[in-house]
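Just the one chain here, the form predicted on its own, laid out as structure tokens.
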Amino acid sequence: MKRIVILTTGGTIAMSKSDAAGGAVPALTGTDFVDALPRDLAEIRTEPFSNLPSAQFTLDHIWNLSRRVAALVTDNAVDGIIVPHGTDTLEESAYLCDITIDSRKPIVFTGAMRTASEIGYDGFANLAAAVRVAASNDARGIGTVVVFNDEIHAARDVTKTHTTALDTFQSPEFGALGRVDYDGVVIARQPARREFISATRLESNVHLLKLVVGMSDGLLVYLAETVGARGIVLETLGGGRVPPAWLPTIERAIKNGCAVVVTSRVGAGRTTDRYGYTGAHRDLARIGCWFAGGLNGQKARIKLMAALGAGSGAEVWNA
């Protein structure tokens, strides 16, 4: 029987309604999780890391969480890790583990969209599915995954797409890796890309800006020149396009030592285009921007923090 560690962090999966608080608050523990699971899934032990809503997580929190997961996968007595996590920032924590932990052991993030006091609580079902994945030999070597609603998603691809729906976690570009069925785990495809960054810390002075029509470059100027940002991720228009007036500001920021990463605000698709007009992809490449490929803005920020935390630049980003 596989030996699985559930590293509890809090989130809706651990919440129940409190009349005194006027709403749901963290309440369930690792013991509650184990007591609810079938005994024949795996040999399970729990370890508390935190009991917080993920909206309250800090960079230190997710970095330390990733380091604890990294330590657990080196233990020969551990075959897989499950991290129940709040859904607000789950994709960022999962992706951080994916790019900074080099292990073939399954690392599975899960959670819930309903609290334990609501009808139709999905927490125990998601947790049981996550245990099945963590105990599956087919889940070895595919990187960190997110298991929700019986679907298995690559941490690199998945994003939260709805504020309340049970099937909120989707992979818009390539779809799920597989499913958890009654008779086992089915991995239908391998992740599109695996990457590893040997980071020793996260560079905190990295920011995310989303472009909209008619937006001035004032926030970019402020971040680059007043805040002294080490990195800025731009959620640009389409496949990587900005208003022409932004180009001199972006170029100045890069020349002053700020890494500028270009992603798209669209939500799916790579940062690339065929256009020749001013402000298009080729201009951003010419002035020294880095490109996020298919990463969304929040994950591109995590990757840039890790790349800068590894003490190097474009070589790490493009590896």
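All residue numbers refer to positions in the sequence shown, first residue = 1. The model shown is predicted, which means the values in this text are computed figures rather than measured ones.
One more form of this protein should be noted, the form predicted together with aspartic acid (ASP), which is absent from this view; the next part is about it.
For the marked spot (G11, D88 and M113), a heavy atom within 4.5 Å of aspartic acid (ASP) in the predicted bound form is present in each of the three residues.
For G294, no non-hydrogen atom is located within 4.5 Å of aspartic acid (ASP) in the predicted bound form, even though that partner is not displayed. Contact between S66 and aspartic acid (ASP) in the predicted bound form is not found at the 4.5 Å heavy atom cutoff. Remark: L308 does not count among the residues lining aspartic acid (ASP) in the predicted bound form, judged by a heavy atom distance of 4.5 Å or less. Aspartic acid (ASP) in the predicted bound form comes within 4.5 Å of a heavy atom belonging to S54.
Partner contact region in the predicted bound form: 46-54, out of 30-38, 46-54, 273-281, 255-263, criterion any non-hydrogen atom within 4.5 Å of aspartic acid (ASP).
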